[in-house]
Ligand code: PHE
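This document starts with one chain, in the form predicted alone, laid out as structure tokens.
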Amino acid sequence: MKIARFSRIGFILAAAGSAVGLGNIWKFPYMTGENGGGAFVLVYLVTSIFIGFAVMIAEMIIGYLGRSDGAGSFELLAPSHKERWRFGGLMIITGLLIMTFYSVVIGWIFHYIVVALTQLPATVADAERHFMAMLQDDITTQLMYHTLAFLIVTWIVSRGIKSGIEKLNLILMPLLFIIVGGMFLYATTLEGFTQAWAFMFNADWSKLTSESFVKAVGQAFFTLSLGMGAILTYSASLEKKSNLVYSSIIIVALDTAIALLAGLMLFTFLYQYGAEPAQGPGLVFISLPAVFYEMGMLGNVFAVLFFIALAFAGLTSAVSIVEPMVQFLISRYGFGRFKASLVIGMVFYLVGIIALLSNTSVYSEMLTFGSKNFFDWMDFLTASVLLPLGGLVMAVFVGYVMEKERVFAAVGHHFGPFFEVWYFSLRYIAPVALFVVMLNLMGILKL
């Protein structure tokens, strides 16, 4: 079977689309607000380079040299004991689990595009009431938009690498940068921009706790979509003699730029209209709609553009999350692409309904296990266990299992004298950091 190949720009935009998701525009700003601003941002930037970049290169190497599905590349590349690595790539199931609640969140964003087009809530209290009413009581609205997210993602993936995934990112990623960049440029004209800049880049180390430090390391890793086989699967479709180092630098730069621009833009609006930056996860769905209302007609325009940008980021990431499992069914079991896309789509759609219902007042008690409901358990399992575990496996595999000569042949000539720096980071810094992050997020190790 002939495998469709990404063009170089197509791969960069697709991988950047995978990395630039809700974590950049939604999670990064509120985590920065909760953890003191500048010091958190600095740790995030440093760890993006020494951990995120190191693991991204490793994941690319596995896909690029393996030329197989996410689960098969480990077995093909292992120099010995191949049977032990047969299940090394089953991290691709992580993406499927993420999609069970990610699709629901994309549905919320679709809903808020409609809210922005009709009537924004006038106060934070109104915005909170609206969001909680949707979350807990309005099953029909959530189900309708969850279904829409399922249909869009499944259709795009079913179109394949060239006609679906690459074309989607060639259109949406530039539009995403235009929208976020345009809103950022407007934010620079406001008085609140000076406060936002100081908050994000003046490091007050007294506000950075050990827990905040671990969260910054985790955010730097998770925002790049590492540890679930998406970058690995995309890399298997790269043309031969591709420059993995150059591609990784561009992807990390784009991902970081969107996070910083979004953070500066959102905090400027918050400061300009008297809101607090430390608003937690409700920043986007509760605080911002009320801020946009205060801006008048321009606020309605910005609200629509912002939630459209958020939807674009969610969709490009969702497609990359689904693709590894689709590719697995195609290569291992001979499924046609449409059938594989439909099967995986139906799995995350049906399980996603359970996640959706677990937030509602009618079914929450039935779907709560221990201290978390089903939605929160899926989030916790993937973010706190499976993603760092997947990154750890990749770092160990490339750093210790694969022959150093083979690794050098793939990327050494592009690294030049910095190869040993990257290799040291992959072998010693990234595994330790990821292990500590995983234990901390699981509650086993409290720093």
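Everything quoted here is computed from the prediction, not taken from an experiment. All residue numbers refer to positions in the sequence shown, first residue = 1. We call the rigid core whatever largest set of C-alpha positions still superposes within 1.5 Å between the two forms.
As for the form predicted in complex with phenylalanine, it is not shown, yet the points below apply to it.
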Report whether the minimum heavy atom distance between residue 426 and phenylalanine in the predicted complex is within 4.5 Å.
no
Query raised in the report: Applying a 4.5 Å heavy atom distance criterion, does residue 317 contact phenylalanine in the predicted complex?
Result: yes
| If you check in the predicted complex, is residue 228 within 4.5 Å of phenylalanine, heavy atoms only? | yes
Given that phenylalanine is not shown alongside this chain, does residue 22 nevertheless sit within 4.5 Å of it in the predicted complex, heavy atom to heavy atom? yes
**Contact at 102, 222 and 321 by phenylalanine in the predicted complex, all three, heavy atom at most 4.5 Å** = yes
Only hit among 98, 251, 355, 153 for heavy atom within 4.5 Å of phenylalanine in the predicted complex is 98
Exactly one listed stretch (196-204, 228-236, 298-306, 371-379) reaches within 4.5 angstroms of phenylalanine in the predicted complex by non-hydrogen atoms, and it is 228-236
**Asked** When the two forms are laid on each other by their rigid core, does residue 44 show a Cα shift of 2 Å or more between this form and the one not shown?
**Response** yes
Original post:
With both forms fit on the core, is the shift of the CA atom of residue 31 between this form and the one not shown 2 Å or larger?
Top reply: yes
